[in-house]
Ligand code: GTQ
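What follows is a single chain, given as C-alpha cells, in the form predicted alone.
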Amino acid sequence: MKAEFKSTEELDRLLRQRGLSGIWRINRDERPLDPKTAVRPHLWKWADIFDSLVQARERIGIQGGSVERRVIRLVNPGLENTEMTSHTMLLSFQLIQPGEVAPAHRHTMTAIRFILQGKGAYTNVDGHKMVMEDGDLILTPQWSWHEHAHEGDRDMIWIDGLDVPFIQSLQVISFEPFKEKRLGVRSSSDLAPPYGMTRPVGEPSADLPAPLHYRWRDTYPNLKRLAEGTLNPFEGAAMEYVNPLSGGSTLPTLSCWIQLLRPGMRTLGHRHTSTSIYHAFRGSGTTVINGEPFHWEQGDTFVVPLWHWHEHANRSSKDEAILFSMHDAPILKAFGLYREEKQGETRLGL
C-alpha cells in the first residue's frame, strides 16, 4: 500500500525511526567548494616546549612505574578535544635522562624520531640498535618492537611524529607491551641484507630490511649540494627521506622532508590538500599562512593545515635556515586525493 505524507518532516521522522536518512536533508552549505579542516595554523615556541620537558623531567619517572614515555604533545587549538596536532598526525617531544630505559612495546601506529640534542642514547627497533645523533631521522614502522635507552651523560631530546589520529579514525589501534625486561640486540651480520640491495627472484620484498636510520652526517652534505643549484621556487632546497627499496615515501602514511632556505630567500606561495608540520632545526624565518605571518626561531614548530596558502622566508641575510617537516601526503596520494595549487595552476596528484 502506497503511503501518503503531508510534509517532509513527517517523512524524516519515519526514516529516523527506521535508521534511515534522506539525502535531501543535506544543506548545500555543507558541501563546500574547497576542502575545510578544523586544524588551525599555529606556532609552538621552543622556550615553552623545553621548559615543559624540564618540568616533566622533575615529576615524571619512566622506570618501574606506569608511565613508559616522558613525552609532551603539541595540541592544535582547533583540536583540543582530541589533543592532537592535526587530524592525521601527532607531533611530540620526548626527553630521556642518562641511565633511563623507555621500555619496549609495539603498536599499529607508525612513528619517526628526529633527534634534536644530546648524546649517548639509542633506539632499538626489532633488534636494530641505532645510536642517536643531532639531525638523525630514525623510523619505527608499524607493529615493530622498539625501546629507547640512554648510555650517555646528557639529557636526550627528540621529536616523535606519529600517524595516531589517522589510525584512530580507521579504528585499528593496537598496542602491546614487550613481555621481557629488555629487547635484544641483533649482531651486525644479522642486520645486513644477505644479497645487498638485490634479492633472489621469487622472494618477496619484505625479506629485505627497510631502512630505519638516516644520518645527519650523510643528509646535510647532500642538502648543501642541492642548495648550490637551482632551487624549487616553492620549497627552496628540499629533499624527501625516501625508502630506497621502493623509491616511495618515507613511510606508507608519512613523508619526512628536510629543506634549506638560503640567506634572504623567500619562496612563492602554494597550497595542497595535505597537512604539513614544520620544525625549525636551524636559523630563523617567517612563514605566511593564509596571509598571517608566523615568525619562527630555532626550535619552534608550526603547522600548515590542508589547503592553506603558505610561503617561507629566511629572515637572515647571512645564515641558512633549515626546516624539518612531516606530511600526510602519502595518504592523500594513495587515494588519489592529493591536489596542489600554485601561481594560478591546479595540478592533480597521481
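Numbering starts at 1 and runs along the sequence shown. Keep in mind the model is a prediction, meaning the values are calculated, not measured.
Form predicted in complex with 2,5-dihydroxybenzoic acid (GTQ): not shown, discussed below.
Contact with 2,5-dihydroxybenzoic acid (GTQ) in the predicted bound form, defined as a heavy atom within 4.5 Å, is made by all three of 71, 107 and 146. Judged by heavy atoms within 4.5 Å of 2,5-dihydroxybenzoic acid (GTQ) in the predicted bound form, the contact stretch among the candidates 274-282, 146-154, 255-263, 224-232 is 146-154. At the 4.5 Å threshold, heavy atoms of residue 162 reach 2,5-dihydroxybenzoic acid (GTQ) in the predicted bound form. Interface membership of residue 87, defined by any non-hydrogen atom within 4.5 Å of 2,5-dihydroxybenzoic acid (GTQ) in the predicted bound form, is ruled out. At a distance threshold of 4.5 angstroms between non-hydrogen atoms, residue 113 is in contact with 2,5-dihydroxybenzoic acid (GTQ) in the predicted bound form. 2,5-dihydroxybenzoic acid (GTQ) is not shown here, but in the predicted bound form it comes within 4.5 Å of a heavy atom of residue 94.
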